[in-house]
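First, one chain by itself: the form predicted on its own, in C-alpha cells.
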Amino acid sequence: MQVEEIKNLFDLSGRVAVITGGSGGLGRAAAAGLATYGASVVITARRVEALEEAAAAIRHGGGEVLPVSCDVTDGKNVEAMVERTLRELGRIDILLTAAGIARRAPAEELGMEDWDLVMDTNVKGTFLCCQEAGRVMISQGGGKIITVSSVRAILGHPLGYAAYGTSKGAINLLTRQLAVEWAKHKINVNSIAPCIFRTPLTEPVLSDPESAKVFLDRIPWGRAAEPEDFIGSAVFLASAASDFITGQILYVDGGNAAS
C-alpha cells in the first residue's frame, strides 16, 4: 500500500451511507461523523421534524444529507427508503442501523406488547434494513454494514432488560451470520456495542442517582459515554481501514464488557 493510500484509509468521499435512527443520539453522531469524512448520508427515522433538525446540523457542517422518513419495522417502508436513496444518490455503500428502542421492566412483569415492540424494532427492523441494503451491495460488488448492539447482549442487568438484552444478543448473532454469508460478496458486517450513552432517551435513568450508580459502577472509566464517543468506531468500520474485519463486535463501553 502506497503512502497516499494509507493517508486516505478513512476517506469516505463518493460513498453513500444510510443511517437508520438518524435523528437519535447515536445515529445523529454517526451521520455527522461519516459526513465529515466525505460521505453523502441518508438519515432515517419516523418523525420528519426530528430528521429535518438533524439534517440542518449536518448541512451547517458542510455535509450532504438526505432525510427520509422510514419505519424500519415495515418492509414496504424500508424498500421505499432504499429505492429513494438509489433514485437520488445512485448507490448504497454503507448501512448503519442505529434505530432501536428499549422497554425496561422486571422479567416477571414484562408485557408481551413491550416484548414484541422491542423485538420488532431492534431485531426485525435491523434485519429488514440489512436485507434491502445487502441486496444493493451484492449487485454493486461490496459494501459496509454496521449494526448496533449493546453490552446488554452479553451482560445481564438488575434493572429489567430482559427484552432489550435478548434483542441485542440476536443482533450479535445476526451480525456474524450475515458476515459469513456475505463475505463472498465483499460485504463487511460488523457491530458496535455501546454501554449506556448520554442521550435524551437515557436521561431519565442517568438523572436518577440510584439508577445511574448501578450503570456507572460497572464502567471502569466511571462515566456514561457521550454521542461523540460513537463517531470514531463508526468511521473506522465504514472506511477502508476495516476492509479485512468482518463479523466482529466492537465494544465502545469504557471497559464495561471487560469488568
Ligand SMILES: NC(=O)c1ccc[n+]([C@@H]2O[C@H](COP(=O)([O-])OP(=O)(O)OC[C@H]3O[C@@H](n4cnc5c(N)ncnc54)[C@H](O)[C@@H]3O)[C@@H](O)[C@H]2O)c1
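The structure displayed is predicted, hence computed values, not measured ones. In case it trips you up, residue 1 is the first one in the sequence shown, and so on.
Unshown form predicted in complex with the ligand; subsequent notes refer to it.
Looking at 105-113, 130-138, 175-183, 70-78, the stretch with residues near the ligand in the model of the complex, meaning non-hydrogen atoms within 4.5 angstroms, turns out to be 70-78. Taking Ile146, Ile187, Val82, Ala99 one by one, only a single residue has any non-hydrogen atom within 4.5 Å of the ligand in the model of the complex, and it is Ala99. Of the candidates Val48, Val214, Leu201, Ala56, Leu201 is the one whose heavy atoms come within 4.5 Å of the ligand in the model of the complex; the others do not. Among residues of the shown chain, Gly247 is not one whose heavy atoms approach the ligand to within 4.5 Å in the model of the complex.
Shown alone here, Ser23 lies within 4.5 Å of the ligand in the model of the complex, counting heavy atoms only. At the 4.5 Å threshold, heavy atoms of Gly33 stay clear of the ligand in the model of the complex, well away from it. The shortest heavy atom separation between Val65 and the ligand in the model of the complex exceeds 4.5 Å. Contact annotation for the candidate site: Asn8, Tyr37 and Ile94 all lie away from the ligand in the model of the complex (no heavy atom within 4.5 Å). The partner is not shown here, but in the model of the complex the stretch 183-198 reaches within 4.5 angstroms of the ligand through a heavy atom at Pro194, Cys195, Ile196, Phe197.
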